[in-house]
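As structure tokens, one chain now follows by itself in the form predicted on its own.
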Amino acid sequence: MSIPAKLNDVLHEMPGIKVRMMNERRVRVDLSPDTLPALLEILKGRLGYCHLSAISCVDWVQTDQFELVYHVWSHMLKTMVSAHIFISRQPGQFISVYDIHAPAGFFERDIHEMFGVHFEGAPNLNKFILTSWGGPPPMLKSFNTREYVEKTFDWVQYSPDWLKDIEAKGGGID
């Protein structure tokens, strides 16, 4: 497996990045956050990486960082580049890449809602999934679902008629 020549040439123009071929159609690039916008611009403008298919986030509590992964696809090279950056959990901020890839607006909004990462310059960071949610970002590894539920909701014994019928016949839930 080797990186497509055009992509290899462009990636090696950029200082301080680490490049690994993951499989025949996927390249992993590890770089510093300040280099990411330039990489996305160059990939889009020179190699046709026009499709931002996702931005994903991982909460690394042990290192007090978020890992943001930008997945871009080139129809011309038929290759995915996954650009990995790490940002501090505190303050949990990064710049929006909406101006480079408009679909970033949706992904940044989702990550903001679920992890609390603020994207400077994003067009809209309003809630859209958890519109009535009052708790902390639920995808943080520090979020304790059980504790939140016990503090927020009253327990109600669940005993629907269909279950009562089953229990009357000797079945049920242990």
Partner chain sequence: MRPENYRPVKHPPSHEYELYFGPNHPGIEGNYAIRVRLKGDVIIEAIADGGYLHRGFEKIMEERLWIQNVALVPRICVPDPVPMEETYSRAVEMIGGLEVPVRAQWIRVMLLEMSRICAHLFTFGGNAATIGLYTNMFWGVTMRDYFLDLFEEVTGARIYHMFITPGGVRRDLPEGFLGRLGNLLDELERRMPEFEDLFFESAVVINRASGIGIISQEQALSWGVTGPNLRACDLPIDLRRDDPYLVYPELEFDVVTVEGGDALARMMARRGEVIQSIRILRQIIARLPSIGGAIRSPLPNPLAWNLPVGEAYARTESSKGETAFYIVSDGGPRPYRVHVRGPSSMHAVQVLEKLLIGARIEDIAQIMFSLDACPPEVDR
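Small disclaimer: the values here were computed from a predicted structure and weren't measured. Residue numbers count along the first chain shown, from 1.
Missing here is the form predicted together with the partner chain; even so, the following discussion is about that form.
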Just to confirm, A38 within 4.5 Å of the partner chain in the predicted bound form by heavy atoms?
-> no
Is S159 close enough to touch the partner chain in the predicted bound form, meaning at least one heavy atom pair within 4.5 Å?
-> no
Would you check, heavy atoms only and a 4.5 Å threshold, whether S32 touches the partner chain in the predicted bound form?
-> no
Given that the partner is absent here, does A54 sit within 4.5 Å of the partner chain in the predicted bound form, heavy atoms only?
-> yes
All three of L47, F66 and F94 touching the partner chain in the predicted bound form at 4.5 Å, heavy atom to heavy atom?
-> no
For 75-103: residues with a non-hydrogen atom within 4.5 angstroms of the partner chain in the predicted bound form?
-> H75, K78, M80, H84, Y98, A102, P103
